[in-house]
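Form predicted alone, single chain, as structure tokens, below.
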């Protein structure tokens, strides 16, 4: 654990807080490693019966800190990959509380939570098409599994912003709370879950999740292959250049 991922224990609940509020909790290399270690340790610790994932400050998570990709040695796996696997394979209930911005990886991680509560300020986006990239974290499967194929396709293809009411109506969120009440509500539900025997919770999670795991694995491998093809492609370069130049990207000539 490090200061950018805070961990607190509350009556069988491990609260993990993304803690880079000055960067809207964008996840850098150290945070990916800390997330991997935290979820792996929580899976092995029977005193932890539920995990609550949240973000410090006004936002949940603005996604991957792009600077983290410059810190990885070429040819070595980015720690995002092992962190994603640790979350996918986590065998106990995972509750998430999201407010403000939830973009990219800050959105797709929510699809692996068993229950998601959102604040009224939520603004969620899957920006992959606009970046000339593809989805990640198995989200190309999990979002369909959670909300249906057509709704998922609409969000991926349009890269539109999703507010709290739409997140609730389409099935991404279980409930919408005032931002001021979000954390306490989510923690209360996590504590409610954590009162039950840890092995019963494991078996319930296994029963709910086992049917999805082969499809998630296929989705992750397909996404990784697509990302290899698209990262550094002309459309990806145009998207990043336009972002740096604070203009709309122009894909018409590519």
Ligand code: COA
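Keep in mind the model is a prediction, meaning the values are calculated, not measured. Just so we're on the same page, rigid core means the largest C-alpha set that superposes within 1.5 Å between forms. Positions refer to the first chain, counted from 1.
Just so you know, the form predicted in complex with the ligand exists too; it's not on screen, but the next bit is about it.
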Examine residue 128 and determine whether its closest non-hydrogen atom to the ligand in the predicted complex is within 4.5 angstroms. yes
Answer yes if any heavy atom of residue 22 is within 4.5 Å of a heavy atom of the ligand in the predicted complex; otherwise answer no. yes
Report whether the minimum heavy atom distance between residue 223 and the ligand in the predicted complex is within 4.5 Å. no
Please determine whether residue 157 contacts the ligand in the predicted complex, using a 4.5 Å cut-off between heavy atoms. no
Among 113-121, 143-151, 98-106, 169-177, which stretch has residues with heavy atoms no more than 4.5 Å from the ligand in the predicted complex? 98-106
Give a yes or no on whether every one of 9, 181 and 183 sits within 4.5 angstroms of the ligand in the predicted complex by heavy atom. no
Name the residue from 66, 43, 213, 204 that puts a heavy atom within 4.5 Å of the ligand in the predicted complex. 66
Pick from 53, 190, 26, 35: which has a non-hydrogen atom within 4.5 Å of the ligand in the predicted complex? 26
Stretch 230-254: residues contacting the ligand in the predicted complex, 4.5 Å heavy atom cut-off: 243, 246
After core superposition, I'd like to know whether residue 15 moves between this form and the one not shown (criterion: C-alpha shift of 2 angstroms or more). no
